[in-house]
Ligand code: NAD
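First comes one chain, alone, set out as structure tokens in the form predicted alone.
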């Protein structure tokens, strides 16, 4: 049985706590490895390593940091096929999805390579007579990231690229369900020249999370996951005086107006709902069909479902892989069982159509006539289940989105530019797509939702990521006029 340890002081080390957890191959349903769960002493050792490394790394030149990140970018691009295989093996997503995840991570490394420009401050000469004022951006120190199972390479890169570029040292606690990609990234960064201790990877469970929250050397916490855990980390982390950004759950609506191109909207809904088996916080969970578009739209979506090949992610012809665990698969399937009792109609039941015999598979599912207030409507299902809500007007669709607990992402499909512009102004979410179903920002903007989808003041990566991982210091300076100084400064004096 393969054993997965930690990354400390620039090398992979075995766990010493005696505790571990299973890592499955979701496509076959078998345990393929055991990952070590760290003890408190091991967590403390990771933080101590980061603190030691931070003394010199925080003083490193911007050009050196950029040089290392450029090398990391090239290594990551060169080895992306190998990393994709790791992702597919432990998460289950198909290789094309895995390659897409790595590509989005690469964008964030490329953004962080511009750190000499991104950390420029401001300068005001002669704010008063002989007085200059300027700002500088300095690292926080040791910062930590707690990342989810659904994007085990991309989300750590979201955090660590900016954190390290800004001069911090980084302790990463990846999901225990698919930890190997984080160690893969650590090896590439070592090869790129990152000094030992600047990045440490510590595997484990809630004990690790709680210790990072309370550890006095950890200055900031970055998290992506479910809303209950995001709220827990935010409340406890800020109580400890730490800076926290905690991204929570989502229930993303896609509004389709009567004038929309039905074929285009159906293609978008299928891609956005079932890609990566629906295990992504930007997945479309609900289509809000306005007026007479509902019947043709549901028919168009249903007609496309048979084309989606479900099977092991390692097989190139498959378009959707398994879910991460048996327990999660069964939880997602329970919504299909309960939908008729809530007044909904199960158009396609993924428990019955084209599921491979082994592994944690669930077929694509479509549920029509979903009612607001039901579990199918309110909960973040996080699987290949697409619900359809029917409303009569644009105003009713907008009210649904703005009254939902989550405010992560949304989309609208229409040919009417005025309606789209009105929607982007009136909708109460953090990321909006216009005829784009998954509006994940490019790396030079920032990712984050509103309401229960985000706890904290800063969104993830991009410019707000740089702000999160630095603090601003303002310097006000006045120097004596050399002509009046009694010290010989080498300047000519007026006589």
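Numbering follows the first chain given and starts at 1. Remember, predicted model here, so these are calculated numbers, not experimental data.
What comes next is about the form predicted together with ligand NAD, which does not appear here.
Checking 111, 382, 423, 234 against ligand NAD in the predicted complex, a heavy atom within 4.5 Å turns up for just one residue: 382. Proximity to ligand NAD in the predicted complex, taken as a non-hydrogen atom within 4.5 angstroms, holds for one residue of 177, 404, 329, 73, which is 177. Taking the partner from elsewhere, residue 366 is found to have every heavy atom lying beyond 4.5 Å of ligand NAD in the predicted complex.
Not displayed here, ligand NAD is approached by residue 224 to within 4.5 Å at the level of heavy atoms in the predicted complex. The closest heavy atom approach of residue 149 to ligand NAD in the predicted complex falls within 4.5 Å. Contact annotation for residue 247: at least one heavy atom lies within 4.5 Å of ligand NAD in the predicted complex. Proximity to ligand NAD in the predicted complex holds for none of 23, 274 and 362, with the criterion being a heavy atom within 4.5 Å.
Of the candidate stretches 114 to 122, 206 to 214, 291 to 299, 384 to 392, only 206 to 214 contains residues with a heavy atom within 4.5 Å of ligand NAD in the predicted complex.
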